[in-house]
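The chain below stands alone and is given in structure tokens; this is the form predicted alone.
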Amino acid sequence: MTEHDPGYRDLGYARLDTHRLQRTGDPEVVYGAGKTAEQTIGLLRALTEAHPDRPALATRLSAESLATVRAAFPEATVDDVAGAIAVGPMPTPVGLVCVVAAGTSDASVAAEATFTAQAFGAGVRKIVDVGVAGLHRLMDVKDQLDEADCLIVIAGMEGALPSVVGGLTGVPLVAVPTSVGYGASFGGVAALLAMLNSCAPGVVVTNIDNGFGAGVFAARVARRAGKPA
């Protein structure tokens, strides 16, 4: 940073970190929840100006905000299920992330993880509805799990799927508990604790419903694994 470049851009309502790409290899991402559509649009425009070769990503947008932001950026890549938008060119995929979701009810978290990993430069394969109540479904895709550079395993209810997958393969694995479940799931706390206490070694865990965090982690693993020697 220099005297003339403080490393951020003051937009009045936010100080956009324009040096995050230099420090971490990835630009700042707009967390859309709690922001107005106009604030999100302003941040995305500033990000595309600062990093024209990387997509400017916004997550956790309401359907109403997403519609407004989409109208402002008609060429953007949008995922309505994830509530996310990427403005600018999507990167050429490097490596492979496999997103594994226990149930169809986990779709929004799986979509956020998938969209984020793609925006952060990884190739993505998605496998859905392979929860532990029907293990034969999971066994049928084991070869696809082994091919990945990193796995994102998403489950609500009792959160058992990451332990099962972690016992079947040695691929790096990040588990995502979701808030799906009946009352005693406590909004995902039961799944979170189950994943934290996994007896399968090598399982790391994000916060509840944090598909974004899992997507960033997995993409970084896949990018490094996919780099030429």
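Numbers follow the displayed sequence, beginning with 1. Predicted, not measured: the structure shown is a model, and the values here were computed from it.
Not pictured, yet referred to below: the form predicted in complex with a further copy of the same chain.
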**Prompt:** Is residue 196 close to a further copy of the same chain in the predicted bound form, meaning a heavy atom pair under 4.5 Å apart or at it?
**Reply:** yes
**Prompt:** Counting only non-hydrogen atoms and a 4.5 angstroms cut-off, does residue 192 reach a further copy of the same chain in the predicted bound form?
**Reply:** yes
**Message:** Can you tell me whether residue 35 touches a further copy of the same chain? I mean in the predicted bound form, with a 4.5 angstroms heavy atom cut-off.
**Reply:** yes
**Asked** Can you check whether residue 60 is within 4.5 Å of a further copy of the same chain in the predicted bound form, heavy atom basis?
**Response** yes
**Request:** Sequence order please: the residues of 118-145 with a heavy atom within 4.5 Å of a further copy of the same chain in the predicted bound form.
**Result:** 127, 128, 129, 130, 132, 133, 134, 135, 136, 137, 139, 140, 141, 142
